[in-house]
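There is one chain below, alone, in structure tokens, taken in the form predicted alone.
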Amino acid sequence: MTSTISLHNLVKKFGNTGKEVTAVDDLNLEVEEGTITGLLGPNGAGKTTTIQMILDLITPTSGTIKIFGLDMKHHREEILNKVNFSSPYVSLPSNLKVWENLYTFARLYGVADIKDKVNELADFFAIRDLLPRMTATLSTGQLTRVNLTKALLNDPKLLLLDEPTSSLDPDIADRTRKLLLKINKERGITMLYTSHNMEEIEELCDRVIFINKGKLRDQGTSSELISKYGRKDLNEVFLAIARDEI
């Protein structure tokens, strides 16, 4: 299969010479087109740093990033036009109405028919009634759906999702997972997904990639890794990797 994301010998160090901290350490990984791939690891494993480099928010110390087969260094605008990102940890301006936020981002993404696109996605995520509300008044679950709406405004080919269901109640989290599976199936969007909920990962992800201390630890399907390490479920695999037991 074609790879949407290819990271080769990727390194990111922070700090001054002699006091450097290596957040990502010679990382090599591939994310196949059209898949939902879990990027997993304990806090401090390097997941967020990796995503920030893929989004070109921070510059790698060394190594290469290719998205859609193109080098980020030389094709930044072309790549980012086809990429989007959603995270509950990134806030939308709270002093704007929901529709104002979505229209603003749609203009930034160069969306042609803004009203039609916003209404289409608002219907898809069942947030039409939220459009006239102030963003500050929304619940966490409502904000999650608005963020996902924002993330699809430019019809991305690659969607980066950083713990999108964290802090959601079980009902809204289940609805969100079903929406993501529907988007993946109907639109063929490649997704890179981080979460600490291993049941969620087993439900959603075609493949998983474990990293720890900035290094690739293992990858494969959930069932392959559970079988390989003789564990009961993916949560036990996660714990073993986080504790350096395997």
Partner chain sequence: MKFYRIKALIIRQLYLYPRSFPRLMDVFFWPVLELLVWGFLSVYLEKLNLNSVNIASILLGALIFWELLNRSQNAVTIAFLEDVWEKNLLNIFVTPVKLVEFVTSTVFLGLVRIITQGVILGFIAWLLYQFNVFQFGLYTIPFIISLLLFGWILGIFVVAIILRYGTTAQVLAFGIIFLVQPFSAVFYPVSALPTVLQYVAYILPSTYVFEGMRTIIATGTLPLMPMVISFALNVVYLVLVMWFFYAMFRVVKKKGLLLKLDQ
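Here the structure is a predicted model, which is why all the values come from computation and not from measurement. Positions refer to the first chain, counted from 1.
FYI, the form predicted together with its partner chain isn't displayed, but the following is about it.
Visitor: Please tell me whether any heavy atom belonging to T48 falls inside 4.5 Å of a heavy atom of its partner chain, as the geometry stands in the predicted complex.
Guide: Contact with its partner chain, yes.
Visitor: Residue-level contact is defined here as any heavy atom of the residue lying within 4.5 Å of its partner chain in the predicted complex; does Q52 satisfy this criterion?
Guide: Close contact exists here: in the predicted complex, Q52 approaches its partner chain to within 4.5 Å, heavy atoms only.
Visitor: Considering non-hydrogen atoms and a 4.5 Å limit, does its partner chain approach K150 in the predicted complex?
Guide: Residue-level check for K150: yes, a contact with its partner chain.
Visitor: Does any heavy atom of F124 come within 4.5 Å of a heavy atom of its partner chain in the predicted complex?
Guide: Judged by the heavy-atom cut-off of 4.5 Å, F124 is well away from its partner chain in the predicted complex.
Visitor: Just one of L138, L131, L80, I172 has a heavy atom within 4.5 angstroms of its partner chain in the predicted complex, so which one?
Guide: Selected residue: L80.
Visitor: Mind checking whether each of L92, L96 and E100 has a heavy atom within 4.5 Å of its partner chain in the predicted complex?
Guide: Judged in the predicted complex, L92, L96 and E100 all sit within 4.5 Å of its partner chain.
Visitor: Please identify, from 204-212, 34-42, 56-64, 183-191, the stretch that has a heavy atom within 4.5 Å of its partner chain in the predicted complex.
Guide: Contact criterion met by 56-64 only.
Visitor: Which residues within 103-132 place at least one heavy atom within 4.5 Å of its partner chain in the predicted complex?
Guide: Sequence-ordered list: Y103, T104, F105, R107, L108, Y109, G110.
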